[in-house]
Structures are given as C-alpha cells and as structure tokens.
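Only one chain comes next, encoded as structure tokens, the form predicted on its own.
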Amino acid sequence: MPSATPPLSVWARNISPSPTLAVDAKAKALMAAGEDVCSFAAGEPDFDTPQHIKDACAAALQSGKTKYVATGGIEELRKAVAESYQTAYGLRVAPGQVVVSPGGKFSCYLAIMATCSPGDEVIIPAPYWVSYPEMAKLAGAVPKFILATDRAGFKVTPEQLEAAVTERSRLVILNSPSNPTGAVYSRAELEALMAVAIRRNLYVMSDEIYENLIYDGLQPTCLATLGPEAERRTIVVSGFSKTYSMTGWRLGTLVAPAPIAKAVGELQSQMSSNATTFAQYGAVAALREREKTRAALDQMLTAFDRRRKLLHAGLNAIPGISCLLSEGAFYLFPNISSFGLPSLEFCDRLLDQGKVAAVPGSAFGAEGYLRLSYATSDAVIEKGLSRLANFCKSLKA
C-alpha cells in the first residue's frame, strides 16, 4: 500500500493568494464568457507602453541582448536610475546602491528578506497593499498592523507608530502615494514618522512605486532625503510598472545603503538571477528619453485626473457611500459600512448581481471599504457607477 505523500511546506500552506488578482481574474473570466462586466479591479494603467520604450527593447532584442547580465541590472540602467534620484530629489546614489529586480513586488520581498529574520516584527499601516503581510510571513517575520481610517485621511500618526514598536520590531513599511487609498503623506508627516523610526532603531521600506502619479500640485517626497539618518536606514522601492505603463515587463528597482543593496543583490542572485535583459534597455529609454516619456506620462495623468474626479463625484452621489478624493495613484477607497455587509460579501454580490468588479476592503486590512481603480475608461466608470447605484438602492430597499 503506497504511503501518504509528505505535506506541503508551512509557507505553501499558510500563504494567501492575491485577492486583487483573484477578483480581476474572475471579472475577466466572466467577460470571456460573454458577460458585460465593468471592472474596477485591476491595478494597472489602461494605456499601452510608450512607443519609444518598446522600440528600445525591440532593438536590444534584435541586437542579441538576450544573455545573463549582472544580478543587480545592466550598468547603464543602474546609472540611469541613480541619476533620476539625483535629478528628482537631490539624492546622491551610486549605481552600486541600485538593484533592478523582476518587478516592484519582488523588490519589496527582497527588502524584507534582507532586513528581517524569523520572529522579527514588520509594522504595516493599514489600509495596506495586499502583499505586504504575506511577504513578511514568507520571510518568517510577524506582520503587525496599525489602522488609519478615512477620518484620519488613511494616514497613521507618529503616536500610533510609537505605540506599535516593541523590542522585536525591525521594519516599518510606508507607502505614499498609497495603494489602495491614494493618500499622500506630506513631507512634515513623513518627517514625524521617520523621527520615530530613528529613535526606535527601525529600518524603513518606502514603497514609492506611484511617486509620479500625483495630483493637485502636490509633490512626492523621497523618504531617503529626510536627513543622513533617514538615508542610512531607508530602502526605497519603485519600478516601471505604474509610471510607464509597463506592468507586464516586470522591472522593479530598489535603492538602499550599500550594505543592504549588496545583501539584496546576493539574495536575488540565488532566487532569480537578473531581471529580463532586453527589457532593461526599454527601461533605460524610459529614463533617458525624458521629453518623450514626460509627454506620455502627462497624457496618462490628464486622463487619470479626469477619471478620479468623475468617479469620486459619482460615488459620493450614491446614498450610503462616502469617499475621500485620492491625491495619488489611481484608486479610490469608498466607505460602504452603512450597508451592514462585510466587504467581501458586498463585492461578491456586486459582481454577481450588478456585474461590477471591485476589491473588498478586508483584503487591505480595512473592513467596510472597497477599492476601485480608475485606470479604466470614462465610459466604464459611468456605466459602473450607474450599476453600483442600482445595486446599493436594492440593498436599502
């Protein structure tokens, strides 16, 4: 009689699949079956990658740039990333402090792996991006949450951070502009949080993937520019997916003090080798051909800003829903707690009955909310709002 197969690992048994990808996959499956679904689930721009970036990648492919390269990325791209931080923020970065990875998600995971040991605590403000807690758990660390509601503008305070720190705390994750809320911390707010991190000897992972998608004249703050001590303990994660509509290219960046960057590179060398070689040449064009890139980004920002206001006004016109206006990224995070339904049930019924796809707030550690992406067309936004209004009216009936 054959023996039972061994169990899967504790990592495989305890990991939660990405709820954002799951909702998007269900919506796409319904659309493939002929259903007319208004999807607000996807966290990616609905624009094509700018042509000059694609051309540079194609040229690299044609010229044989198809072999392994240095784990941290091609030298030309690492230099371009370093120069971009000098130009945008006045932050002096050596190319050796830059690691190019297969996606911003992987950069986040590498940052946690490089700084956290089993049993260490990772402090994660909620609402949070769905993958942060799972990444911490995969590193053997313990996620610890602090919640900021819409009453606080979805931003945690220094007092909350101070109260969460214990002797096991190792890393705090900050994300501005935020996924899922679109909240943007001011420089003064970040300085106050950084003061706690410095006083309590924490590393900070600053996820700045949406740094260029910002509205109303606000300016992004690079956390590593808040002084020498901030620079010494900050790991800045970004990438090309959101700003340049390159989600499928899988190119992330990580900028850190040299010892951390070295550790991250060594981890990556054993986990994925290098990011796709020819794709990196497209990323060089994104950073070097600034006028073309700026024109493409401005086009996206104009559309996102219009859609942001359209969706925000429409949501607040629906009885029972209240919603803050996002300041960055391409999400709104409306409060639907008045309907008395768990957000997962609300979203399941909204998709099944109203043919509108949204992600439940519970996936982001914030029950009573939804995440809606306005990286979709005006027509989908208008149709989706009408369907959402009818669905909400049925719940109140």
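Numbering starts at 1 and runs along the sequence shown. Since the model is a prediction, treat every value here as computed from it, not as a measurement.
Not pictured, yet referred to below: the form predicted in complex with a small molecule.
Among heavy atoms of residue 209, some come within 4.5 Å of the small molecule in the predicted bound form. When contacts are judged by a 4.5 Å heavy atom cut-off, residue 133 does not count as touching the small molecule in the predicted bound form. Within this chain, residue 175 lines the site of the small molecule in the predicted bound form, having a heavy atom no more than 4.5 Å away.
Within 4.5 Å of any heavy atom of the small molecule in the predicted bound form lies no heavy atom of residue 265.
Heavy atoms within 4.5 Å of the small molecule in the predicted bound form belong, among the stretches 303-311, 114-122, 201-209, 317-325, to residues of 201-209. In summary, among the residues 97, 234, 280, 179, the only one with a non-hydrogen atom within 4.5 Å of the small molecule in the predicted bound form is 179.
For the candidate set 105, 155, 137, 170, a heavy atom within 4.5 Å of the small molecule in the predicted bound form is found for exactly one residue, namely 105.
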